[in-house]
Ligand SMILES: Cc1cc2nc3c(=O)[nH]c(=O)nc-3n(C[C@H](O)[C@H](O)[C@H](O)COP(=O)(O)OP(=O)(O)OC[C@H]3O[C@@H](n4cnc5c(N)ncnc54)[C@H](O)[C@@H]3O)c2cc1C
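Only one chain is shown below, in structure tokens, and it's the form predicted alone.
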Amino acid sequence: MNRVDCVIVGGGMVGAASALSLAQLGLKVTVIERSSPKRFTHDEPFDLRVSAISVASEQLLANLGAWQLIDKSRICPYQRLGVSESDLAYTEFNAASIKQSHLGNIVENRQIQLALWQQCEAHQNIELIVGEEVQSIEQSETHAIVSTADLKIETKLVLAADGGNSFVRKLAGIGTTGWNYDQSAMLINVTTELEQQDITWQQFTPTGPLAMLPMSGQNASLVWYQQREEIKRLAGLSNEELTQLIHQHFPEKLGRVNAVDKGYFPLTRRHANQYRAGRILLLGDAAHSINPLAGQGVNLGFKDVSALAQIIATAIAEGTNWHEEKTLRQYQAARRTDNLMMMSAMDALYATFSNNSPILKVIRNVGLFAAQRTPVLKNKVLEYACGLN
């Protein structure tokens, strides 16, 4: 039987970052993942799945040695964030106002995962097991045993980083609360007439938000929120037909574009009732699936990684048992309330702008108008979103 300090189930962005964070502390880590990320060639088109990586997440990835490995031609920094419902109801957040060079970066998820895997493969404290699936987890007072079809691994800690439909969460008997939203989100990669922009923006409409995320060169990722059946219809259109509808529905500031790829996913909210069951901890989407309105999903996952690493590092520095119950309890205390606040804020924003009440429309337009003229409040919100406080 193999014996390690930590088994991580799931080798996506959050799981791989967790592995490196703990390995840097001297722990011996095993990552179990169904399949390794597909390798990258420089001339291939952009993936549909991208993330708005915050300044804090960028710093974490840099500390893990992964940020430096991402092809710079696939990273698009942005300095401004615009939110609007009309030309008058508009507020804009600017990196310069909080003394930062940029607010974040639009990066393909696979680029981040690939860079993290490169670091994991090179780290002597990390073993990557590909092609196996966890079948059972047995826990005792001193350890846990993780079993696959071919392996048994004894470990002091199990991290569930296996996504929103986490099997490890189910094995741990941890329930969730949440719901499905009425809408889906369509992701559309486009080539753009305009040169690469320094702004990402979101405009609220009666049928749902429209968003633009700039990408390197004359490329962009569009997000179109609509009722589920309408999104299915849009997904069945040709790229030429979809391009025509984009020009009809998206604001003129987008400029002329051409759709080159598309996909969609349903909007869901799911939050684990607890983040710990014995020696099992939940991180990332296994713990929380959030409305993607503000692009905070993977950033919350990276906050989970940072918090856990800090807790374990402190325990090691103080000479205490890093995997005892008292230490592991600190992780839920550090992260669950913060995640719940962000999830609730996104739900409130979604509900507010999804309501077609004329009175509520006036109120939110006045709110956006006032926010544009309240720099202190704007900057506090911006610092929090960037992970700077």
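In case it trips you up, residue 1 is the first one in the sequence shown, and so on. Everything numeric in this text was worked out from a predicted model, so none of it was measured.
Beyond the structure shown, there is the form predicted in complex with this ligand, which is absent from this document and is the topic of what follows.
Asker: Would you kindly say which of E132, E230, D71, E92 lies with a heavy atom within 4.5 Å of this ligand in the model of the complex?
Answerer: The residue in contact is E132.
Asker: Just one of L308, L187, L114, L103 has a heavy atom within 4.5 angstroms of this ligand in the model of the complex, so which one?
Answerer: Only one listed residue qualifies here, and that residue is L187.
Asker: Hey, in the model of the complex, does L61 get a heavy atom within 4.5 angstroms of this ligand?
Answerer: No.
Asker: Is F265 close to this ligand in the model of the complex, meaning a heavy atom pair under 4.5 Å apart or at it?
Answerer: Within the cut-off, so yes.
Asker: Looking at the partner-bound form in the model of the complex, is G208 within 4.5 Å of this ligand by any heavy atom?
Answerer: Close contact is absent here: in the model of the complex, G208 is far from this ligand, nothing within 4.5 Å, heavy atoms only.
Asker: P214: heavy atom within 4.5 Å of this ligand in the model of the complex?
Answerer: Contact with this ligand, no.
Asker: Heavy atoms, 4.5 Å, this ligand in the model of the complex: which of 321-329, 337-345, 46-54, 62-70 makes the cut? Say which one.
Answerer: Of the stretches listed, the one contacting the partner is 46-54.
Asker: Non-hydrogen atoms within 4.5 angstroms of this ligand in the model of the complex: do V7, K28 and C120 all have one?
Answerer: Looking in the model of the complex, the three residues V7, K28 and C120 all stay beyond 4.5 Å of this ligand (heavy atoms).
Asker: Residue by residue through 325-344, tell me which have a non-hydrogen atom within 4.5 angstroms of this ligand in the model of the complex.
Answerer: Residues within 4.5 Å: none.
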